[in-house]
Structures are given as structure tokens and as C-alpha cells.
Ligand SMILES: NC(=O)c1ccc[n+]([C@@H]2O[C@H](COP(=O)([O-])OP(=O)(O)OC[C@H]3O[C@@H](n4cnc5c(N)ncnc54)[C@H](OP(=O)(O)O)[C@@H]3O)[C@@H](O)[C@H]2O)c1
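The chain below stands alone, shown as C-alpha cells; this is the form predicted on its own.
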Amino acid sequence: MTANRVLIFGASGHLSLPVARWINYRSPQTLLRLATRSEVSKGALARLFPNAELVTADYLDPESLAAAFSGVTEVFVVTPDFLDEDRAMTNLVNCARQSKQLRLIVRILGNLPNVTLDNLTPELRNFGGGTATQHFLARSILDASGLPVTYLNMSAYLMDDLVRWSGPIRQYATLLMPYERRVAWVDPEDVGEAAARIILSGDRRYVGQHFNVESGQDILTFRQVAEMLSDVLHSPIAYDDSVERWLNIVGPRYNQIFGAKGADYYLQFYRFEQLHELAVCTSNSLGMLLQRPPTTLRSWIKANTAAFDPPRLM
């Protein structure tokens, strides 16, 4: 059998990095090919994984993709919000077909359970991209390709999203999130480990499977999350669902990250999630893949209290 050479896209990201770490720990003989678009990230990855191959690859650049796919046996695929998935996955499929040793692609999705494109609001469908539509498009292209794909669908918020939202928590002792709703949660480290376990298993039965991955127990409203933060930090954290306040305080950051209409898009997306909050559910898929209980949100917050700077919350 061909020696494992695993290609990991977005290798410095909060999902891909745990994949690389787990594989490096559990199977140090496995060859890692770590793909990133950032030269700065390459330096950091070289220090963390001195034996890995580091490549520059872009989903929208077929030439760089072809070089990244050369000789690989397994691939981990996660894509950024607002990526042109039509071009990206078409390029990826074309390159993957040329990789004669390829045995498996593990692709991250981000859809609510049992929600389809037909359920989306016109505003989201007509936006021209974004997380509400791009994962459906990506899956349709990969399914049609006939390639060996396993899907890990994160039907949940990543627990470290709380760090991304921590500015108002630190400054105003308030969790800001419009459109109060029930959501599930998952630790990105757990998702990365699950992907790594699938990759290392060599079990062909994973091909074609679709797993909803969340903690299996944390379905909470944002008000309940604020109460949990209060309990763990021993300092009261309020919850505010004001759209206007969110736009004023958080909106500029979303526009900086996602473009001029980023805040408007996510307001529509959060409203859509509220309309479909009853679709949120738990499963035991992640625990089965990990062969252990997944991390809970409360335990994650306890392990990351420094991110919320408790002294400033007094």
C-alpha cells in the first residue's frame, strides 16, 4: 500500500491545525503536506511541524492545486466564507482526479440538519455566495464527481467563536448577538481530531458518509450562554439581542473581515437561523468518531477563561 501522504488545506486554521497535530501525534510516520496561502503562516507551521512539506495553494489557482495534490493519499478540505465554491471545487475535483493514489477526501460543511437550499430566504439565496449557500454547492459538485468523500457537517457554532466575539464581553460585560435562538456548539479541536481519526483509519466504509458533528449535548440559547459565562467567570455577563447595538459595535469588524456587506449578510443569516432553530438537534456522531465524550461548552469556557480577561469584567 502507498505510504500515507495527507494534504491539509488551511493548515494554520482553527480546524485544520488540530487535524495536523493529531496526525503528527498519533502517526508520526505519516507524511504531512500543509497548504496555506500565507507566507507568515508557513513560518509558524515550519516550527510546529519541522518534518512536514509546506506548500502554497489556492483553491482558485489550478496550477497550485495540481502541485498540492501530487502524490497525496488523503485530503482535508475546509473553505473560507464567501469563497466561490463553484470555481474552487471544480478546480479541486479536476486536480483530485489526476492524483492516482488518492483514497479519501474529508470535507467540512456547515449546514443546519434537514435544511435545504429551498428553505433559504430570498435575501440569502440572491446574495451571490456566503455560508448559507456555499456548502450546498460544494457538496453537489463533490457528489457528482464520484470521488471518495466523507462529509463532516458542523451543524453547530465553534466554541472559539466566543473568543471572536469577546470584545464586547470584555469591554461591556455583554454578549451581543441579534436574533435570540437555540444553537448547538462544538470544540474545533474535537472536529479536527475526528477528521484525523477518519483519515488514519484507512476504513473505506467512511467514503460517502455524512456526519453531523456537535458536542452531543450543548443546545443553548445565547442568553443561556451568557449565563454560563457568568457562572464560569464569576462575573455577570449580560445578553443583548439589539440589532442596532450589534451593528454599531460589532458590524464594522464583520465588514472588515467579510467585505462591505459582511454585517448585513450575517444579520440575514442569523435571522434565518432563528426561523429554523427547531432544526437544531444533537447526535452521538462526534462521540462515536472520537471514541470518547466530546468537550462541553462549559468545560471549554473553563479552560479558556483568559480569553475573556476576567479582571476587566469586575
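For every residue, the number given is its place in the sequence shown, counted from 1. On a predicted model such as this, the values are computed, not experimentally measured, just so you know.
Keep in mind that the form predicted in complex with the ligand is not shown, yet the notes after this line are about it.
*Which of 109, 104, 220, 120 has a heavy atom within 4.5 Å of the ligand in the predicted complex?*
Going through each option in turn, the one that passes is 109.
*Only one of 95, 225, 83, 124 has a non-hydrogen atom within 4.5 angstroms of the ligand in the predicted complex; which is it?*
Of 95, 225, 83, 124, the residue with a heavy atom within 4.5 Å of the ligand in the predicted complex is 83.
*Using a 4.5 Å heavy atom cut-off, indicate which stretch of 54 to 62, 22 to 30, 275 to 283, 245 to 253 touches the ligand in the predicted complex.*
Careful reading of the contacts points to 54 to 62.
*Three-residue site 15, 157 and 161 fully in contact with the ligand in the predicted complex at 4.5 Å by heavy atom*: The answer is yes: all three residues contact the partner (heavy atom, 4.5 Å cut-off).
*So in the predicted complex, does any heavy atom of residue 78 sit within 4.5 Å of the ligand?*
The answer is yes: residue 78 has a heavy atom within 4.5 Å of the ligand.
*Indicate whether the ligand has at least one heavy atom within 4.5 Å of a heavy atom of residue 271 in the predicted complex.*
So residue 271 does not count as contacting the ligand.
*Given that the partner is absent here, does residue 73 sit within 4.5 Å of the ligand in the predicted complex, heavy atoms only?*
Looking in the predicted complex, residue contacts with the ligand do not include residue 73, since no heavy atom lies within 4.5 Å.
_Is residue 212 near the ligand? Define near as a heavy atom within 4.5 Å, in the predicted complex._
No - in the predicted complex, heavy atoms of residue 212 and the ligand never come within 4.5 Å of each other.
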